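In structure tokens, the next block holds one chain alone, the form predicted alone.
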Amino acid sequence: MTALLEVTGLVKRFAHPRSLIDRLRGRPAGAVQAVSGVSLTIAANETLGLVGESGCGKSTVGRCILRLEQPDGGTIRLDGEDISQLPEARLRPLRRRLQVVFQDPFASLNPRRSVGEAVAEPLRNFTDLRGAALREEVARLFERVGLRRDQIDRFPHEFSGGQRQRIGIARAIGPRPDLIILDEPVSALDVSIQAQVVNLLMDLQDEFRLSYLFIAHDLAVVRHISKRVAVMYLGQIVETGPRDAVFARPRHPYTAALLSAAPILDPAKRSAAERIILTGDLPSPSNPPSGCRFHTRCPFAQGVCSTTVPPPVDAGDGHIAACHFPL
């Protein structure tokens, strides 16, 4: 399967300011290793779910792919073209192919502009539509995401959270992108609204042949929408594979712990399920552990885990885990 997006060895660091004591003692500024050597691929019309604890670097991966953050290392290829270091003048035409839906549906909309203007902006940037034709296309997009065309002149505060997220989706699909980064797109919504928005995204994917990078911490939503899953821990991907294989037979201890913490609706299955409790605190990304980064919390860690970075082990069918002692 040919990859639409191929990310290899992605690295992103953020310098954090020195404290007063550090400055007085002449200590250099430190850096947070938000993303450390992440590699992933997304095929055309595929959804890759990217999951992990808060602060593991999921959103930073998405922002680097969009070039909202400049990567410090690695490559990002779109249809084989390396876009990781392209200057803005050459990158701008490619932005039509890469769109985003943000987590907060209110903060991502300008409160001083009508929602119709927000949806029209990418159409002005990347198409020749103007005037009445532009307004008609905006109205058609509103209808496609479940809103009324007579709502396009209203302002963001006049809509509910679910409606505002539909507006964000309309804005993202307007220029007909190839890939949409969905950064926690339903985490701020009520459960019933989450289901409606996820089903809308799946319908739009089939209609427009879209690819999604679905960033989330809700495993139930990821399982519903994703075809493949990648699990991140402390800036690195520790496991990736087909959705059903990862959820049914997790290979990495961290993935197993995540799945064990997910709510189970069936009382019979809930009573039989074994909860894996991780001990210890999440290490600081400014000073990650040596070897396997999970070894400080792993119940199966041995001596080699603290000294040697585990190689990826393929269990077959693309189900890969970076662990010395895979489950």
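Predicted model only: the values in this text are computed from it and were never measured. Residue numbers run from 1 along the displayed sequence.
Missing here is the form predicted in complex with a small molecule; even so, the following discussion is about that form.
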| item | value |
| --- | --- |
| Sole residue of Gln70, Ser54, Thr279, Asn287 within 4.5 Å of the small molecule in the predicted complex, by heavy atom | Ser54 |
| Listed residue (Leu48, Ile65, Val38, Ala34) with a non-hydrogen atom within 4.5 angstroms of the small molecule in the predicted complex | Ala34 |
| Residue contact check: Glu184 to the small molecule in the predicted complex, 4.5 Å heavy atom | yes |
